[in-house]
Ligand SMILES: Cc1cc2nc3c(=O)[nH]c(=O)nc-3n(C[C@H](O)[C@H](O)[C@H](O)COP(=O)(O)OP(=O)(O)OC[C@H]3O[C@@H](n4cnc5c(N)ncnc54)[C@H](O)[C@@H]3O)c2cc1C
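To begin, one chain is listed below as structure tokens, in the form predicted alone.
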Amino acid sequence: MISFICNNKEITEDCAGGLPVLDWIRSQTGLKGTKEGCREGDCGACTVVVGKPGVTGVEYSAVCSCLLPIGEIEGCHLVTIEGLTTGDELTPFQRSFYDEAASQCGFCTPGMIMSLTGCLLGSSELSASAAMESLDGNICRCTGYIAVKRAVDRVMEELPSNREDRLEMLIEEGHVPAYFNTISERLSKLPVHKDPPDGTVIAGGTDIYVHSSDKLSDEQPGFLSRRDDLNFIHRDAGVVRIGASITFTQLRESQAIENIFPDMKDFLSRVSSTQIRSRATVGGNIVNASPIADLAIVFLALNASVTTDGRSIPLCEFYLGYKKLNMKRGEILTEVSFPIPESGSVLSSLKVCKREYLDIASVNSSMLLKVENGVIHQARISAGGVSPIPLLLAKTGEYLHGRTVSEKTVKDACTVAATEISPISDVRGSKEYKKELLKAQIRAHLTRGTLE
């Protein structure tokens, strides 16, 4: 039995915890505003807002309901497009979309409104740019983006941005109904099960649900997000430790991470979308073992280690082959850790893909670089899309150590890197193209304004 609040109604549902929320909404509630599109988390038509009890109240975020198992919303507040109003009145975003002709066929519109509402409820910043960024996971098939931007700008210009009582302000402005004020207390009274899992263990589910949604629909998965011991970011004794269930959004908004890597927030904005980042986890990205896993590439450059039920393993020794991991059956990855880089070190992370946002890299790479007086004192470089595994370019790093930054050094480093990689031709580019992409990225990492 799974208990939660859907819009303003308390629900107790007898169903498998692995059932996608989208399927429950479409088949059990009669609420048809949540649309079924790609079922892969790419189009945003199925976007809903989920509120989880937090330290300071209910914490809301927009997520893709097609990749969200219903067991994950136990004890939470599920909001669909129908839950944003209690009568015939439109919300300010709905009115603005109408006035600016931002809705054409209308299929994508509910998902966009939910993404924008999730931004209002959960974003640390209330601005037109933050609101537009929240739509990075919503695709309009009628190419109405300019009208959408006009509609968003219009609302955000009129929104009070200096109110500390965010929820009260949103209620007063008509973005959410007054019943939102009762949710925190009502959630505290709902039963939440702590039983151990008897099915597949799931982190964010943003990849496994793309491939195995039908199988998981009948299971009772174990949700790592409910393990408090996996949800942390600590900095102590010269080491940063990150719990495996930390989401991309949490990582991106971490002040501790930003203090060390000021460019990390911008880089992570190009990883997937707002809805996916709200669910995808650090541990999931690593154990998924994709050859172009964005965080795996970053952590390889940082000389990171992973912990699996007490065993500490250097990340560069964690990948044994395509989708093969240095893990024992039944082990769970619990944390990632890396030494804080030396003063003067710079972490550079790049990815090239067909679209700037919401796309998988053709080639991605990271380099931890320290240069003093034109001499390279440290260069640790990793790359994805050029090998069956996320790859540490150890020979390239060794070659660069002690060299001066020059055109010859760049060219020779690219030559060494070519001996370490083995790209293949696929839908993201030919092997020759990927070799050239890596060369260009190595140049970009090394120069950073030091060469003309």
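This one's a predicted model, so the numbers in the text were calculated from it and none came from an experiment. When you see a residue number, it is the position in the sequence shown, counting from 1.
The same protein also exists as the form predicted together with this ligand; that form is not shown, yet it is the one meant from here on.
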With a 4.5 Å heavy atom cut-off to this ligand in the predicted complex, the contacting stretch among 339-347, 240-248, 76-84, 114-122 is 240-248
Using heavy atoms and a 4.5 Å cut-off, decide whether Thr91, Glu168 and Glu173 all contact this ligand in the predicted complex. no
Counting only non-hydrogen atoms and a 4.5 angstroms cut-off, does Asn288 reach this ligand in the predicted complex? yes
4.5 Å heavy atom contact, Glu258 and this ligand in the predicted complex: no
Applying a 4.5 Å heavy atom distance criterion, does Asp99 contact this ligand in the predicted complex? no
Partner proximity in the predicted complex: Thr281 to this ligand, non-hydrogen atom cutoff 4.5 Å: yes
Quick one: of Ser362, Ser272, Ser213, Ser305, which gets a non-hydrogen atom within 4.5 angstroms of this ligand in the predicted complex? Ser272
Check each of Glu253, Glu331, Glu133, Asp153 and return the one that places a heavy atom within 4.5 angstroms of this ligand in the predicted complex. Glu331
From first to last in sequence, which residues of 21-44 have any non-hydrogen atom within 4.5 angstroms of this ligand in the predicted complex? Glu40, Gly41, Asp42
